[in-house]
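Take a look at this one chain, the form predicted alone, written out in structure tokens.
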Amino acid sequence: MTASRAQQKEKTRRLIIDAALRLLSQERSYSSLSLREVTREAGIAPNSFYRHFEDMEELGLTLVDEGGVALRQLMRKARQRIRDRGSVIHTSVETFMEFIQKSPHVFYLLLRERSGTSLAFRKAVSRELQYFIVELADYIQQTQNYPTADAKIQAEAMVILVFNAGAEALDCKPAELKLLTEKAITQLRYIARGADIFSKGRRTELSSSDA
């Protein structure tokens, strides 16, 4: 395949992905989309779809994967920017909320398919959430020097809380979004503070038992 043909194939593949995302909304789930509808939105013939995806399920799994990767990369950059200054919780939550406002279709997909009828989609979204948890747990462990198990528990609580807040944010007006963001930041700080107290208490108990 020549470079120009490969570029054209990738361009068409991208048209299909973007078309499917545009069709998603609060009222429309991925399962309600048809192949013909997606290809019509992409401006290509239905038969061209099969040169890029085996079926609609493969396209949907690609959307889940791309959405999760894009969000993880964004959150990773947010943590890197404030590693030596500012609040990681504040910056991370604001970054997450900005992503939802700019890319609601991606979050609609992740949110809906998390509890959808397709087992393959549920597993894919669950896998993306686990990636978030693992990355955040690693960050907590490195910065707070917590045991692996404690860092994972804290990370899981934080990720679930933020994703639930994200679901609520989809229907918020600007003023409501500001209040929701502030509430999520406060709740995450409660979790972080509680984890810190718990970790210090455990260390004190271990020191006493070793004495």
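Source: prediction; values computed, not measured. Note that residue numbering follows the sequence shown and begins at 1. For the two forms, the rigid core is made up of the largest set of C-alpha atoms that agree within 1.5 Å on superposition.
The same protein has a further form, the form predicted in complex with the DNA, not shown here; the description that follows concerns it.
- Although the partner is absent here, residue 156 sits far enough away that none of its heavy atoms falls within 4.5 Å of the DNA in the predicted bound form.
- Interface residue remark: residue 48 is counted as part of the site for the DNA in the predicted bound form, having a heavy atom within 4.5 Å.
- Among residues of the shown chain, residue 9 is one whose heavy atoms approach the DNA to within 4.5 Å in the predicted bound form.
- The shortest heavy atom separation between residue 178 and the DNA in the predicted bound form exceeds 4.5 Å.
- Of the listed positions (69, 172, 160, 44), a single one reaches within 4.5 angstroms of the DNA by any non-hydrogen atom in the predicted bound form, namely 44.
- Residue 34 is the only one of 34, 142, 186, 148 with a heavy atom lying within 4.5 Å of the DNA in the predicted bound form.
- With the partner left out here, the DNA still marks one of 164 to 172, 148 to 156, 50 to 58, 178 to 186 in the predicted bound form; by a 4.5 Å heavy atom cut-off that stretch is 50 to 58.
- Relative to the superposed rigid core, residue 11 undergoes a CA displacement of at least 2 Å between the shown form and the other one.
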